[in-house]
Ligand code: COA
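One chain comes next, on its own, written as structure tokens: the form predicted on its own.
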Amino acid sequence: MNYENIYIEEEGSIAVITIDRPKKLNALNKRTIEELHNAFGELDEANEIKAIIITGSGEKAFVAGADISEFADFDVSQGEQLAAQGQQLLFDFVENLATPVIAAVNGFALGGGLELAMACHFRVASDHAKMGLPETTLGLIPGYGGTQRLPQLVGKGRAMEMILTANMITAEKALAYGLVNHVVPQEELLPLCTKLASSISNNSPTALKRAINAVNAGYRYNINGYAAEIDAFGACFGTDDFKEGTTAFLEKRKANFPGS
């Protein structure tokens, strides 16, 4: 599939999606959101891809926000539709993707950019990255899941401060808050993400999918996360991956997971 605003590179079992709108600091417009949805879907269906890294082109920005010019004249119903479609197409889609997704935050991650990073399964940042949700400066609130995912990651008080002040935080503060897992110099960002993705790709695809679902279940008001874990744990016993994993362990060899 041909893309205008992103490109995909694959090496072995790892794919890297790069958002490529450098003149707009990789801001998310409607077309980019649709392209990302298609790219994630395509890679998720590719059996050979076991982990995905997403980053922004250049060294200035991961994603500096949404493309404000697209919605500056929207009315109430259009605004609601913008948020609903965006959440469904990209942010919720990424959060629930069966293939693990790592955000390589290589610069500014603001507004929709931070919301995209938070939808990923975890985040690694360069030491010059800055993160924030500046929507209140525009008379808006975060609309792509930011009011929900940020408190889950950093706690209610810190999330309230970030959203209400609209202030950016440094990569080191993001690390202290638990918003990112690691902070490294720019040149080490993709190598570390690739190393983590490689570790992930050694593991059972069916188990990874069920682990993602079980963790996510614990953050949904209408689902018992412990019950979801029990169901997912039990389901693992019926997979070829379980048979291969336990056999390899008992035979003292590395597992070769067929996946599904």
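Residue numbers run from 1 along the displayed sequence. Note that the structure is a prediction, hence the values are computed from the model and not measured.
A second form of this protein, the form predicted together with this ligand, is not displayed here; the remarks below concern that form.
Visitor: Within 4.5 Å of this ligand in the predicted complex, counting heavy atoms only, one of 225-233, 193-201, 24-32, 51-59 shows up; tell me which.
Guide: Only one stretch qualifies here: 24-32.
Visitor: Could you work out which of 36, 43, 207, 64 is the residue within 4.5 angstroms of this ligand in the predicted complex, going by heavy atoms?
Guide: After the contact test, the surviving option is 64.
Visitor: Does this ligand, in the predicted complex, lie within 4.5 angstroms of each residue among 111, 135 and 138, using heavy atoms as the measure?
Guide: The answer is yes; 111, 135 and 138 each reach this ligand.
Visitor: Using heavy atoms and a 4.5 Å limit, would one call residue 184 a contact residue for this ligand in the predicted complex?
Guide: Flag for residue 184 set to no.
Visitor: According to a 4.5 angstroms non-hydrogen atom cut-off, is residue 175 in contact with this ligand in the predicted complex?
Guide: Contact check for residue 175: no, nothing within 4.5 Å of this ligand in the predicted complex.
Visitor: May I ask you to check whether residue 168 falls inside a 4.5 Å heavy atom distance of this ligand in the predicted complex?
Guide: Residue 168: yes, in contact with this ligand in the predicted complex.
Visitor: Against this ligand in the predicted complex, would residue 93 count as a contact residue? Criterion: heavy atoms within 4.5 Å.
Guide: Contact with this ligand, no.
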